[in-house]
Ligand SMILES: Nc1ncnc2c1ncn2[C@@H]1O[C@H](COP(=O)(O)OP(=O)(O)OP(=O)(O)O)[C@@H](O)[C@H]1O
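Next up: a single chain in structure tokens, the form predicted alone.
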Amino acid sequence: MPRKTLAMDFGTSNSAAAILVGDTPMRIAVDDGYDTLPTAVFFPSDGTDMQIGRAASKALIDGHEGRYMRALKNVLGTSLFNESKLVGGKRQTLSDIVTAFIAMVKHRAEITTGETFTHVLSGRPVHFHTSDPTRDARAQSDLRACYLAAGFEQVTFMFEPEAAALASYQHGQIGKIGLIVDIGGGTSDFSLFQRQDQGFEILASHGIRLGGTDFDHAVSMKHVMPLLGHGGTLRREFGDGLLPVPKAIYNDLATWAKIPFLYSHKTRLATAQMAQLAVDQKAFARLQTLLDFELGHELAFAVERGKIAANSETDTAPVQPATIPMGFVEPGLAPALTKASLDLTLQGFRNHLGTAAKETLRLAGVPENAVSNVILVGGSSLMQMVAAEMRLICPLANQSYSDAFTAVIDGLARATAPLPAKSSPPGPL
């Protein structure tokens, strides 16, 4: 790799940049002294410059007028990514916004290091989209185009779990065979690797489109959206009988990337019409309040906090049931969320993760009992169900947590130098 290569992890929830200094990764403080930043943007209503990272989140929390956006990575490879929308007082695409985000990270990295970066080594999931090679290829093409438009001249990709494997190898975290379990905001990725006399070898990598934003969506649909009218009924405008409340608005409201596009006259009009016919008038009043005051992201953050709190409960140290605080919609509204109800809500996802891990072992031709170490990476790997499922699959393996938010970027930085041993190619080029 050329010396002027920047390692960048553009994540669904968090992003980071780093370079290799000697043989040590140096994470770059690209967000007010922090070496990771939320993958979030905020467009102030007054037309001033786009804010990113913690500044974007703070603007939302402080109640500033404007458009907040998060989880943009989830839209790569879809038609929505190149659709023109009115954002920040002008028509632009999500591709334009991701490009601007990357360009700002690049600029900050250059200011901090005094370097000019012409090349980037970017992480990518094993699959942006499960079982859809065409859309998967389009997603990487979308991301490549954003890097090029942001000012890089050459773009190379490496699978994120393989980068985490490299970081884990350098930290001495594995015995003979290690399994990386990287559960991020939008995807879950797995790499099986084997220690050798000189370095290590990737035996297999696999991934699925499933991550923390999907967990949030499921919790929201199950525990929050019914309080806003989801699952309810509408009286017919003419004639007898009842009709089910349409689901689309609730699915969008529970999806991070789609929330900003709900605050339209069309959506508000449709909601007002349904409210007139709703059997549960109170629930629809809450929904109208949420849309009128554009509180969708506040709701998403509340769901995320409730999920994290419920996940902290253990069998040996039970705590007071967590709640999803919705007082900003209606005073005192706070549905309970226990560890048991959280596990039940996410059980299907746990099964998918287990199946994906087993598929990784199958691709490598390695039996489950041969895995000596399971290394958990990514913010959503902190969900207790992930560790529990991996213990069932690899019962003889030692289990450890790598640096949840920095293992991938550390590995990417190391990969900008010659690898210590052969590995699979760094993703499709």
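So that there is no doubt, residue numbering starts at 1 and follows the sequence shown. Please read all numbers here as calculations on a predicted model, not as lab measurements.
One more form of this protein exists, namely the form predicted in complex with the named molecule; it is left out here, but the text below deals with it.
Asks: Using heavy atoms and a 4.5 Å limit, would one call Thr416 a contact residue for the named molecule in the predicted bound form?
Replies: Contact with the named molecule, no.
Asks: Would Ser191 sit within 4.5 Å of the named molecule in the predicted bound form, counting heavy atoms only?
Replies: The answer is no: Ser191 has no heavy atom within 4.5 Å of the named molecule.
Asks: Is Gly379 close enough to touch the named molecule in the predicted bound form, meaning at least one heavy atom pair within 4.5 Å?
Replies: So Gly379 counts as contacting the named molecule.
Asks: Though only this chain appears here, would Lys307 touch the named molecule in the predicted bound form if you measure heavy atom gaps against 4.5 Å?
Replies: Flag for Lys307 set to yes.
Asks: Among 91-99, 332-340, 137-145, 205-213, which stretch has residues with heavy atoms no more than 4.5 Å from the named molecule in the predicted bound form?
Replies: In the other structure, the partner sits against 205-213.
Asks: Select from the listed residues Leu361, Met390, Met383, Met69 the one whose heavy atoms reach within 4.5 Å of the named molecule in the predicted bound form.
Replies: The option sitting close enough to the partner is Met383.
Asks: I need to confirm a contact call. Of Gly178, Gly77, Gly296, Gly186, which residue comes within 4.5 Å of the named molecule in the predicted bound form, counting heavy atoms only?
Replies: Contact check passes for Gly186.
Asks: Are there residues in 12-34 with a heavy atom within 4.5 Å of the named molecule in the predicted bound form, and which are they, in order?
Replies: Counting only heavy atoms within 4.5 Å of the named molecule in the predicted bound form, the contacting residues of 12-34 are Thr12, Ser13, Asn14.
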